[in-house]
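Only one chain is given next, in structure tokens, and it is the form predicted alone.
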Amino acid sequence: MNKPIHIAVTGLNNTDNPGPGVPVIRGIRESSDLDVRIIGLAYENLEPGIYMPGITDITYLIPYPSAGTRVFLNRILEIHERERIDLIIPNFDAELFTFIKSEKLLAQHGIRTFLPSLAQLEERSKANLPAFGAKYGVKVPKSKEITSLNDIPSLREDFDYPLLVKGKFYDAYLAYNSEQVITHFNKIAAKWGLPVIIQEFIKGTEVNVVALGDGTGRTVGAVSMRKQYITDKGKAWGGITIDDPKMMNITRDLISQTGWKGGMELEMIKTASGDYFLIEINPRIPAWVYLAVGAGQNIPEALVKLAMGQETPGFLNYQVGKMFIRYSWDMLGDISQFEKISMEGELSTGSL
């Protein structure tokens, strides 16, 4: 009898700015081929995924990567000694650099990952997006890095208002004048650091693709979606799968050219004239991935199989017109659960 695969997953913050961890776990648990034990890795003691029944088998608190690579990895290896982690699936942009940089060290301890290379990660960054578009023949909005409030007055020379103000990892705000740029700059710089990216605003319909590359240029899966409802943080709170051959061709072509390894999300704007502008590439599975699972492509399951060296045929199609809607649900617990995760740094489902 085969032992279950022990999979550690981050991104359990299933809030109004949801992490991908919970939907990734839901997809993995719905696999009929995988026997798994899910180990949650949480940065905060109030991440909802810690307390949701049927999500993780046990959850451990871990330090933020900003605490330093050594401190971060020591905690991961400490958990590994107890749990025998076979695979880690990180789900935050801000932690990917540390995990990718530590890939060989983790592998020496028997911990697998399935992530892009550092070169791939850097190439698709928001700051490098114009060069990325030129290299791979994709239209992208004009963008510019700024590092000081002194850079803001001169933006009128290169951009028309409104324009987008973006953080290097997360957050994007629309600004209609320089005063709003200053406000957004200060907010983003305080939260995510510098540089802040200024991006041309492209008017049109936002469409997204979740995709999975096997590292050889093959697209294992890809599902496109149009956002139906967007929160004030720019997150999809509702969406529907669409049939868009041109956008899917762009996705497959990029994966083929870059040899992308792992999950990714392409955020694009389709203009009224039918042009597609790539506004962002998120180098991991997005939080709306459960829509892809429901539409017939269990991308989290496929990622696990690829990481574990199992045969993974590509998905050929998916159900168009499948819709998702997020909602709030009051989940009740006990103070003892919060005390346990806070004081001991772990919480098992037996405590729920």
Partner chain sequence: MEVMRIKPTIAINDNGFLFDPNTGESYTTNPVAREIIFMMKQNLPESDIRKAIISRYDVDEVTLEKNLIDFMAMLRHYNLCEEPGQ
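Owing to the predicted nature of the structure, the values given are computational and were not obtained by experimental measurement. Positions refer to the first chain, counted from 1.
What follows is about the form predicted together with the partner chain, which we do not show.
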If contact means a heavy atom within 4.5 Å, which one of 291-299, 26-34, 53-61, 320-328 is the stretch that engages the partner chain in the model of the complex? 320-328
4.5 Å heavy atom contact, residue 253 and the partner chain in the model of the complex: no
Contact label in the model of the complex: residue 240 to the partner chain, heavy atom within 4.5 Å: yes
Classify residue 270 as contacting or not contacting the partner chain in the model of the complex by the rule of any non-hydrogen atom within 4.5 angstroms, answering yes or no. yes
Would residue 235 count as touching the partner chain in the model of the complex under a 4.5 Å heavy atom rule? no
Selected contact from 228, 147, 128, 154, since only one has a non-hydrogen atom within 4.5 angstroms of the partner chain in the model of the complex: 228
Between the options 171, 244, 214, 123, which residue brings a heavy atom to within 4.5 Å of the partner chain in the model of the complex? 244
